[in-house]
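One chain comes next, on its own, written as structure tokens: the form predicted on its own.
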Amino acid sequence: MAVELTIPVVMADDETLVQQEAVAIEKIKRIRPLLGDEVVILGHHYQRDEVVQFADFQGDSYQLSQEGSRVRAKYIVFAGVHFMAESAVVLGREDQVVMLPNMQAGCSMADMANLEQVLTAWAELEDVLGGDPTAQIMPITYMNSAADLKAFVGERGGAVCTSSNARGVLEWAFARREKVFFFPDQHLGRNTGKQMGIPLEQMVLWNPFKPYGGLTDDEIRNARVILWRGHCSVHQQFRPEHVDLWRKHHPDVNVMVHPECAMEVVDKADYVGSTAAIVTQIEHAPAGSKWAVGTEVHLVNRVKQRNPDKMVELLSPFSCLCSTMYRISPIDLANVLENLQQGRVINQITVPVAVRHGAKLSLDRMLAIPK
């Protein structure tokens, strides 16, 4: 049976957008030097190439927030998503102004846990455990969460974690309290707990849309880790069968995945690590080695381009991209920079003083935990 190949056709609207982005890129090239060191552009690993090419610093969310706090620049343009820009505000100086090129650039994972839901869960845990939960439970939030959740954690003695230090933070937490309440990403929490030897039956899943998380009193009392029912929409797309398919066709392939992937995928991988760890691991790998990588496609493609002596491919046969990060375009970046040149600040991200204080407590605790 003949297979008909369909050649994609660029529609007129698409051609117009391409032209508009080309104009925007030239505008950025012209305006950026005029703004000098008063402005710093931060570009996340998952950002599209047309935008990240203008970044003064490129990295993961926490690394970029730290870079922003260290520079003398007054204006920080964060080409990332909303929670990242909030973290830059929390860690930055009071005189710094943080802007997000597109205010619609959010994070689906961060949106899966809001303060009202977490406060309800905390009250229900208090009801089951019969007293202030802080006596027994250490709240830990992943970096990929809103500033008010970081403040919630900070005010209750907890800490933030990243994908690279999650184990150290959990060990710190268990040294102080019996249980950990981990949100919003269930997979990072479960994978880290399993790595530490915590039985799966002692890691329960809290569903915020059900009373008491859909758990029985005994399940809550017997749990060591209470995982929030949240996930990354990108890393959720990687499946165990993707690993099996690569091993079938390339028995010598190295599979490396991000710990936000499901446990069934992580269990089959050769290496598990943060975005920074993925970049470093492959850069230091021997020439000729083969890598199937389970993380966002823009990062994978960038690593592939920088390592032409190795085979580097996306683990999934589908294009796993961060659609919310992709909302930031050269047009958005040009708009922010052009307004700055004209003395106007647009798309500023602010964090209330009280929230900023509580969030910084949780971030500072993370920094104090030995790696």
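What you see is a predicted model, and the numbers here were worked out from it, not measured in a lab. Counting begins at 1, following the sequence as shown.
In what follows, reference is made to the form predicted in complex with a small molecule, a form of this protein that is not presented.
In summary, among the residues 142, 238, 181, 78, the only one with a non-hydrogen atom within 4.5 Å of the small molecule in the predicted complex is 142. Listed residues 102, 275, 254, 186 were compared with the small molecule in the predicted complex; 275 is the one with a heavy atom within 4.5 Å.
Heavy atoms within 4.5 Å of the small molecule in the predicted complex are found in exactly one of 304-312, 65-73, 333-341, 38-46, that being 38-46. A residue is said to contact a partner when one of its heavy atoms sits within 4.5 Å of a partner heavy atom; residue 260 meets this definition for the small molecule in the predicted complex.
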